[in-house]
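Starting off, we have a lone chain in the form predicted alone, written out as C-alpha cells.
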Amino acid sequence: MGTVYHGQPWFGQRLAEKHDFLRERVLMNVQQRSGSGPLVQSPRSPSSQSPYLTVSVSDPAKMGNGVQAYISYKVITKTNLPEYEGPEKIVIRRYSDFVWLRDRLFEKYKGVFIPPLPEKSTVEKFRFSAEFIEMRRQALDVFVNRIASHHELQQSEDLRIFLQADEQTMERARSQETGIFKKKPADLMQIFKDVQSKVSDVVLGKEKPVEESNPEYEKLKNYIFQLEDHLAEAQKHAYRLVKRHRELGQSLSDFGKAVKLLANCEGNVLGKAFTELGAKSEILSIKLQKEAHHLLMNFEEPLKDYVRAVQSIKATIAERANAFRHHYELAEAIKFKEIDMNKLRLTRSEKLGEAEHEYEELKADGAEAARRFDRIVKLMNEEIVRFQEQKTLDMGLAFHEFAKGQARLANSIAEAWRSLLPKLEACSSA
C-alpha cells in the first residue's frame, strides 16, 4: 500500500461517495434556508447559481518533532453564501481545532446530536502511522460535513470561524476557552449515569435526583443503551474479521515463498506447478491484505463511528436530564417562595417587598428553564428521526460494502485455485 498522506487511496471511494451525499445534504439545507429552487448543477460546480457550501479535509502533514509533533490538515471551503468571505477559502487546522468546534457546538446547541470526533490516539507508534492518519482524515471530513449539512449547525458562527479564520486567530480562540466551554461531552457521562441510576440514594436523608417520567423518553433511553452495546459488539467482531484477513494474507505470502523455494528443488513439470502455486498464493495474499484494509475503512470504521455517535447522543440525553432537573428545582423553589410570601403577608413583615422581588425573579428563571427544556425535547425528537434515517443509509452502505467485498474476495480465491487444478492434476497422474 502506498503513502496515504496525499490524495485518496483506492479504498476511499465508498467514503468519497458518502461525502458527496453529505455535500448534497448541505446544498439542500442551504437552499431550504434561502428559499431557492431545486438543484440544477453539481454542488462541486463553482458556477452554480444555487446557494452551496462544500467542505473537504485533505493533505495531512506531520508538523514538528518529538512530543510536540502533530498532524495538520488542509480544510477547503467552497461557497457562494454571503456570510462567507469569498467563493473559496483554504485554512490549515489540527485535531485540537476540530475539538474546539465540537465543544462550542455542544455547549450552544442543546438538544442537537453533535457529530462525534474520532479518538485521539495516545499510542506513539500508531499516532503517525499512514493508516491511522488516513482513517482520521476521513473521519474528520465526515465530521465537518455532517455539521455543514445540518440545518441548525450550518448556521453557526463558530463553524464560519473554523472554516475561515487564519491559524493565529484560531489559536487565540482555542486559548481563550474558559468556564463552561471547558466542559467536554465525556465529562457529562457521569452525570448521565447518576441521573439514570435506579439505586436509591438515601444517605443522611438525601433523596435521589428527580427524573423525567415519560414512557417514550424511557423507551428512547433503553434503545440508545442497547444500540450502543450491539454496535460495540458488532464493531469488535468486525475488527476480528479484519485481523483474520490480514493473518491469512500473511500466511499465504509465507506459504507462497516456501513453495517457490520448493519448486527450485523439483523437475520441470512439478517445479513449474509449484512455482505457479507460489505465485498464486502471493497474489491472493495481496488481495486479502487489500480486502482487510477495505473492511477496516468501509465496515469496521463506520461501525466504530456509530458507537461514537451513540455516545454523543447519550451526552445530549444527559443535558436533557440536567435541564429537566433544573426546571423541576425552580418550580419547587417557586412553591416554597409562595409559602414564605403568604407567611410574610400574615405577619405584615417588612421583608415582603424583597420576597416578592425574589419571587418574580424565580418565576422568570422558571419560565426560561421551561422554555429551554421544551426546546431540548423538541430538538431531540427531530434529531432522533434524522439519526434513524442517516443510520439506515450508513449501515446499509457499510453492510453492502462488506457483502460485496466478501463476494469479490471469494470469487478471486476460487478462480485462482481453480486455474491451478489442471496442472496439479497432471502432476498427480503423471
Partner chain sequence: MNVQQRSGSGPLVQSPRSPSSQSPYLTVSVSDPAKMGNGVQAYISYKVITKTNLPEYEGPEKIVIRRYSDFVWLRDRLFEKYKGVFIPPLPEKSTVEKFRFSAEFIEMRRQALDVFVNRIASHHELQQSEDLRIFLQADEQTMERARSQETGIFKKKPADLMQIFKDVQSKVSDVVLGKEKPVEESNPEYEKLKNYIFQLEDHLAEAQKHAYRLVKRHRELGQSLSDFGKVVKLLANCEGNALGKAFTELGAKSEILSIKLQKEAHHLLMNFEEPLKDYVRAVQSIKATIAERANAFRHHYELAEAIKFKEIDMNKLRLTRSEKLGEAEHEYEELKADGAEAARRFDRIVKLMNEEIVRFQEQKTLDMGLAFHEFAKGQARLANSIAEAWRSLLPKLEACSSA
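From a predicted model like this one, the values you see are computed outputs, not experimental measurements. Residue numbers count along the first chain shown, from 1.
Below, we turn to the form predicted in complex with the partner chain, even though it does not appear here.
Only one listed stretch (91 to 99, 132 to 140, 272 to 280, 104 to 112) carries heavy atoms within 4.5 Å of the partner chain in the model of the complex, and that stretch is 272 to 280.
Here is the short version: of 226, 347, 176, 168, the single residue with a heavy atom within 4.5 Å of the partner chain in the model of the complex is 226. 397 is the sole member of 397, 380, 362, 369 with a non-hydrogen atom within 4.5 Å of the partner chain in the model of the complex. In the model of the complex, at least one heavy atom of residue 262 sits within 4.5 Å of the partner chain.
Among residues of the shown chain, residue 152 is not one whose heavy atoms approach the partner chain to within 4.5 Å in the model of the complex. Proximity of residue 230 to the partner chain in the model of the complex: non-hydrogen atoms within 4.5 Å are present. Contact annotation: residue 247 falls within 4.5 Å of the partner chain in the model of the complex, judged by heavy atom distances. Contact check for 61, 147 and 373: none of the three has a heavy atom within 4.5 Å of the partner chain in the model of the complex. Residues of 234 to 253 lying near the partner chain in the model of the complex, listed in sequence order, are 234, 237, 238, 240, 241, 244, 245, 247, 248, 251, 252, the criterion being any heavy atom within 4.5 Å.
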